[in-house]
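Below: one protein chain in two forms, given as C-alpha cells, structure 1 then structure 2.
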Structure 1
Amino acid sequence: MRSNYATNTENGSATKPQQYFEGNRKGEVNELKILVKNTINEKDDKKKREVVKKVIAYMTLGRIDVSKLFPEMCMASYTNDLVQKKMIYLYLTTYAEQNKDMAFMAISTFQKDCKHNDPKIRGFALRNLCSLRFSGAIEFLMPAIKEALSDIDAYVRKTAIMGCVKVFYMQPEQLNNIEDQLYKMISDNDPLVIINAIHALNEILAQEGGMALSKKMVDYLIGRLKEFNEWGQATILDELSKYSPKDDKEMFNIMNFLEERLKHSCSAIVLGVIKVFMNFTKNKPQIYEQVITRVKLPLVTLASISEGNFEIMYTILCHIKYIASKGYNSVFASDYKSFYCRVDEPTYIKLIKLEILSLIACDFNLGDMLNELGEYVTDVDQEISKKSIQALGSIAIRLPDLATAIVKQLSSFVTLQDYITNEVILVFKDILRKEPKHVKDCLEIIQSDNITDSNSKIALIYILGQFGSQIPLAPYILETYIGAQESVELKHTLLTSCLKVFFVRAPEMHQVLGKLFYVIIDNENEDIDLKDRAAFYYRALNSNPTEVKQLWQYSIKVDKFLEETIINKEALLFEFNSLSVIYEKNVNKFIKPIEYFNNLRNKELQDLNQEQQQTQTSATQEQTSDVIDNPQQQTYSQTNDLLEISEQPQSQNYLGVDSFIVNFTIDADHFENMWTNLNDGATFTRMLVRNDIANETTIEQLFKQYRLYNIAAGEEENVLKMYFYGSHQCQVFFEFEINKNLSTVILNTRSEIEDQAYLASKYVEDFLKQVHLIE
C-alpha cells in the first residue's frame, strides 16, 4: 500500500520523503503556477492583472503557501503596468524572507525603478526594496538609501529615512553614523521628512533615550508646528513633553503658544498638549492645578462628542478617570451629568463612566447621582447593574458623612433580582468593615433568600459573624449553612463566624457550634485543613473557653483599605497619554524587549513547521483519488509512527475521529432549537480547491466517515448549504456552505462549550484539507 510505504520512508530518512511530499503538494499550487507562467507573455494587461490579483487573494487568506510562485512572480515584475507592479512588489516583500536565493532576481527591477524619472515610482520602489527582509539585500540597499536621502523629491527622501530604520533592525552597523545626517534633515522643508527623521532618530538612538532635544530644536519645532498634519503634531508634542524648560518664562511662552491647540477636534493633539502642560508643571502644584482646571473643558467636550467614535471617547474617559483618581476629582464634580450613561453606548463606555461617577461624587451632586445610579441597577445589562452597585459602595466608603443615604438606597434593592442582591451584600461587607454603624440598615437584606452566589454567601457569613450581637437572627441563619454542600472557603468562614457569635451569644450558639464541629470533624471527605482547624478550636474551647475568647477580641475598624493606598501610589508613576493609563498597569507589566517577541516568532515558526510535517505525513497516507478513506485506520497508522509521537507529544487540544460518538442521532427540532440559541463558536472561510467533489452526497459521506451527521441540506444558485452535528464531550453543530460562484467554503461551528466548537472546527478543517477540498 502506498500509505505504508510513505510511513516507512519517513522513519528511514528525513530528507527523502520531503521531496516526495513536495511532489504531492505541488499538485495544488501547480495550477496557479502554470497560470502565472502562461500569462507573463500575455499582452493584455487586464488579464494579467486578474491573475496577479488572484495570487494576492490567496496570500491574504493566509494558510495557503503561495511562496512557491516566487520565481514566476519575479519574472512578472518586469512590467510597466503600475497596477501589476504594485501588487507584485507586495507579494515579493511578503515572501522574500523565505526565498532568499531567488530574491536577488527581483532586486535588479527594484534598482532600476529606484532611478526612474517619476519620483512616485522612485519612492515606491525604494520603500519596497527596503522591506525585503533578508540580509543579502543590504549591500544593494545602503547605496540606494544614501542616494535617496538627498533626492530632490520629498516623497523619496521621507521614504529613504524610513529605509534607515528598516536597515537598523537588520544590520545596524551598516548605518555608519547616519545620525548626523538625520539630525540635519530635521531642517528639511517638507514636514513629513522632518517627522520621519524624528521617528528614525528615536528608534536608532532608543538606547540613549531617543533624539536629543536642544532649546534651539524646541523653538524651531514649535515655530513650524502648524505645518504638520495631526499625527506630526502629536509626535512633536510627545517630544516636547520630554523637554524641561530652562526657566518659567520659557515654560509659559511654550504653554501660551500651545494653549490654542486645545480647541482641536483631534484627541491625539489635545492629549499631547495636556501631557506637555502636566510634565512642565509637575513640580509646581499651584500651576499644575490651574492646568487641570484649564484642560477640563476640552476633555469633557471630547468625551461627549467624538463624532460617534466610541473608541476615542473611551480613551478620553480613561484619562479623565486617571486625573480624577489623582486627587483632582472635584474639578469634574460639576460636570457629573456629562458622565451619565446613554442608551446607545457600548458597555465599555458605560462601565468607565460609572467609575468616573463614583470618583467625582460629592455633597452637592450626590442627590442627583444616587437617583441616576439607582436607575442603572435595574439595567438589562447585568454588568452595568453590578458596576453601579459597586459605584454606590465605593462612594459610601469614600464619603462616610453621606453614607447613610447610600446604605438606605442599597438596602432597598433587596426585592429585586438575585444578581443584584448578591452584589449588594458584597458591597455591604466592605462598607461595614469601614463603618460598622450601618449594620442596622442591612438587617432586611441578610434575610433575603436571593443570596445564591458563593462569594456573596461568604460575605453574608462574614457579616453575621462580625456583627452577631446586633443581628437577632444571626445564629439561625448561620445554622442553615451547616452541612450544606458548599466550598471549603465558605466553610472556613462559617467556622470563624460561628465562633465569633458564640463568644457574644453563647446560649443560642452552643448547640449550633456543636453541630458544626460534629459535621466537620465527623466527615471523612472533609478538607483536612478545615478539619484540623475545627478540631483545634474544639479542644481549645474544651480546655479554657475564657482564654480563647480573649484571643478573639480585637478591633476590626478599617480606616483605609490597603488597596486604595496601593492603587494611588502606583498611579503616580503612570505616563500620561500612554497605554498605562488605559490598562492601569505599570509599563513594565506589558512592554517587553524585542528579544521576547523574537522568541515568540521563532516558536511560532517551529510550530508551523511541525504542523506542516504532520499534514504532509497524513497527506501521503491517502491517495488524492479516493476521497473517502477510512479515517479510523488513518489515525491508527499515525499513532504507530514513532517519529511523530516523539516530536509531537499527545496533546488534549486535538480531536481525533475516536473522540466522536458513532451513529449519534438527534432530531431536527432539537438541532434547530440548539442552533438558534447558541452563539457562533468558531468559523472559518477557505478557498474551494476541488470543485469536482463539492456535491451534496460526497460531502455527506465524507462527514459521516468522520462521525458527523447530516440533518439538512439545500442548494440554490450554486450555493450549497448543509447542516451537520456530532457529539464528543458535548454536542457540536455545524453549518457548512460551499459557494461555487466565489469558490469559497465557509464553516460555522456552534457548541455549548466555546472551546469545543473551536476544536471541532479545527477537526473539520483538518479532514477537509486531507481530501484537498480546501487548501
Structure 2
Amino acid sequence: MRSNYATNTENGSATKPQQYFEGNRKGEVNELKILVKNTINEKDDKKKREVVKKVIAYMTLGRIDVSKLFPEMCMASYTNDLVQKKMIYLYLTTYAEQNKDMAFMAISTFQKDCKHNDPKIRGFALRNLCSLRFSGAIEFLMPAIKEALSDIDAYVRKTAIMGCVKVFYMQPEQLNNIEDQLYKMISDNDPLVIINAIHALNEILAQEGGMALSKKMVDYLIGRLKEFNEWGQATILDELSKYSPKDDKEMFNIMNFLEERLKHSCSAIVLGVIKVFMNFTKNKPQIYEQVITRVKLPLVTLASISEGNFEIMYTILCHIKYIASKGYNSVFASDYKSFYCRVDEPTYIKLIKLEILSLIACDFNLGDMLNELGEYVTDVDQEISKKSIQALGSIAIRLPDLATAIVKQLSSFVTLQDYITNEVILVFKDILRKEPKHVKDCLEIIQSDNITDSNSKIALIYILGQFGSQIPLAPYILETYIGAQESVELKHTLLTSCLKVFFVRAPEMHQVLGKLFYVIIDNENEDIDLKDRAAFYYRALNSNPTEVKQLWQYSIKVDKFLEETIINKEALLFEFNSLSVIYEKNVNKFIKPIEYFNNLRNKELQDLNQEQQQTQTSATQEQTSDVIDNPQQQTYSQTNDLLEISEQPQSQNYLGVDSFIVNFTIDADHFENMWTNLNDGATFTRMLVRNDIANETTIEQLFKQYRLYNIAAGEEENVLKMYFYGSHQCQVFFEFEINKNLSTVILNTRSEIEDQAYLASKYVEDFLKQVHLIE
C-alpha cells in the first residue's frame, strides 16, 4: 500500500509550502505514525526529511503529544542523512527525559550510532547521549565516552572530552580518575582536542586550582603554539600565566619566544601575552617596569586599529587605564593624542578615553590637553561635557602645582549652560577641600545664581560654610536657602554651614541663624533628626558659645581622598585580561564559585524528578478514579489496548505490607554506602501530634511491624534521628527525624529506583497517620 504522503505528492500538494499547524484533526498522531512507518524504507531523503520535519513541528507546537511515535522515530534513525539525524536526535532527547522506558530506547539508538562509520554521526550521537541528564544514563554513557576518547577521528575525541565534563557535573564519582587520560590527550595531534582537554581538566580539577603545569608541558605547548587558532592560543596563554618559572633563565626564554606574539592582530592573544609577562615579573619591579614600557606600543596600536570594532577598542582602553592607574601613567604620557575623542566614537569610548587622559596628564602635555578638554565641555552630549569637567578636576587634584590654570579655565565656564555650572561647583568642592588657596579664583562662579541641581547646591553651601570668611556674599547667599523646599540632606548641610559662618561673621549671621533655628524647630513636619540637631546647637550656643566656637574651628588637612585609596587597593586585586578589569571589581564579586553551580544543577535535577513524579502520580490517580467510576469502560479500554502498538506497561502505584520482604537484613557499611551514593528521592515534613510514642523503642517497633528495620538511631537536644531500610522490588532507605522542640516529623526517602522513593514515602506516611503520630 502506498503512503498518504506519496499520494499527496502525486496530486501536486508538494509544490505548495508545507503547512504543519493547520489544526488538530482526530487521529492525527496515528496518521503520523503510519506516515513515519511508510517512509522508513523510503530512498528519497528529501521526502523522509519532510515527514520528520512534520513530527518535529507538532512536537514544538506542544498541543499534540507525539511521544507515541518514539519506536517509529528510533527506527527512522537508521539513516546516513545528517539533517534527519539531527531532527530525530532532537525528538529522542526531548521525550527521553520525560519517560525512562523511552530513554532506554533512545540510549540504544545512540549507542548504535556511536559505532557508525561516519565520524560526524559518531560524534553527534555521543553528544546527544551525553545530553541525557537522568541518573540511569550514566552506566551507558561512560563506556561510550571511554571508547570515543581513543577514536581515530578528532571530532569524536573532542566530543568525548566534553562528555567527561557533563558526567563530572552529574555524577563525578563515575569518572574513575579520568584525569590521567585527559592529560595524555594534551599530546594529541589535533589542536582542538588539546584545547578541549585543557578546558575539561580545568573544570574537573577546579577545586585543586585547575590543570597542573610542568616545565615539559609548558615547553611542549609553546612549541606548538602557532598550530592553534586564535582562541586556542588565548587558552594556552592563559594557562601559561599561571605557571611559575624555576629561574630567570627559563622566564626570559619563555618571554623571548612569546614576544613576537605581541605583533598579532588579535587582541586576545596580545592581552594574553601581556598577562604572562606581568605575572612572571610581578615580584621584580625593575623588569616589570620594562615590561610595561615594552607592551605600551602594542596596546596603543591595538586601540587605534580597532576603531571599526568599538567593543574590542573599549576592552583595550580599559586595560590601558588599569596599567595607568597602577602608577605607570607616565608610560602613556607621550601618546596622549591617541586618546583624544573622535566625532564618530560612541559615548562609552569617549568616557573611558577621558578617564585615561585625566590619569596620564603631566606638565609637558597639560597645555595641549587643557585646550582639548575645554572643547569637550561644550559638547552637545551632556554626559561627555560633565565627564570633561570631572577630568579637569581630577588633574587639578593630582597635580596641585598646575591647578591654578585649570581652576581659571573652569571659572570661565560660568556663563555657559546650567548643567555645566552645576558640575563645575561639584568639582570645585573637591579641589578646595585639598587646595583651599584657590578659593579666590572661584568667587565668580560661587556667587553665580545659575546653580539648580540639588547636589550642586549642597556643594555650594559646603563651600560657603568652609570659606565664609573669604567670600563676601556668603551670609546673604545662605539666607536665600532658608525656608525653601529642599532635601533633608541640603538642610543638614545648611545648618552646619550657617554655624561655621556665624563663628567668623557673627553680626551678619546673627539674624540669619536665628531665622534658621526658628524655621526648623517650629516646623512640625520637619525631619526629626534635623530638629534634634538644631535644638542641640541652639542650647549649646545659649550655654557656652565660646567653647562651641573652639570645637568648630578645628580643621583637618586633606592629603588624599579615601575614595582614591580604596580604588587603588582594589585595582591591585584585578586580574589582567579578565572581566575584573572591565567591571573594576574583584572576580569574587561577580563570578560565583563552582559549588554554587553544582548546587544549582542538583536542584534542577531534583525539581525535574519531582515534576515527573507528580505527573505520574496525577496520571495514576486519574486512572484509579476511572476504574471506580466506570469499571466496564475500563475493561473495554484494556481490551482495546491489545491493538495499540506503543502503550507502555503500567507500574504498581502503591505499596503494602506484603510488598516488603520479612526480616530483610543489611550491614551498616552497605547502608552508609548506598545512602551516600543515591540521589535525593522523596521528602515530607509533617506536624507531630503524639509525643507519648515519639521515642526510639516505640518507633522501632512500629516500623518493624511494617517490615522496615532500624540500623542506627540517636537522640540529642530533643531531636530523635533514626535510619531504616527495607526491600521489595528494590532496596529503600529512610532517614526519620522527630524534632520535639519544633513538633515536626521529617522523612527523607532514597531508593535504588528513584520512582519507588515516592511510593515508599507515601507508604510510611500512611501508617504514621494510622497511629496518629502525624496529622
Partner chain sequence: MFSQIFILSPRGDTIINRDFRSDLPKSTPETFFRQAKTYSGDANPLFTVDCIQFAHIKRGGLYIVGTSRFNLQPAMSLELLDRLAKEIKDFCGVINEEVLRKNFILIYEILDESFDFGYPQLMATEQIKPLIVNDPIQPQPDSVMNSLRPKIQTFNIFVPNTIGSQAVQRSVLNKNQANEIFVDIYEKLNVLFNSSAYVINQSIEGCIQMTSFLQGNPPLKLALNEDLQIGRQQGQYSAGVTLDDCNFHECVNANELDMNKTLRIQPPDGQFVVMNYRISGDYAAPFRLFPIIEEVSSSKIEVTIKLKACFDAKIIASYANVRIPIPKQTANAYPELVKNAQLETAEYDSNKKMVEWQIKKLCGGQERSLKIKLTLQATQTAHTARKEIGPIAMNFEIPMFNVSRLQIKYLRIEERGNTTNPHRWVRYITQSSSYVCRI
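Numbering runs along the sequence of structure 1, starting at 1. Small disclaimer: the values here were computed from a predicted structure and weren't measured. Throughout, rigid core stands for the largest set of C-alpha atoms superposing within 1.5 Å between the two forms.
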These are two forms of one chain. I'd like to know which is the form predicted together with the partner chain.
1
I458: after superposing the rigid core, is there a C-alpha shift of 2 Å or more between structure 1 and structure 2?
no
Checking K246 here: with the core superposed, does its CA move 2 Å or more between structure 1 and structure 2?
no
Rigid core fit then H116 CA moved by 2 Å or more between structure 1 and structure 2
yes
Cα shift of L90 between structure 1 and structure 2 after core superposition, in Å?
4.9
So with the rigid core superposed, the C-alpha of Q770 shifts by how many Å between structure 1 and structure 2?
45.5
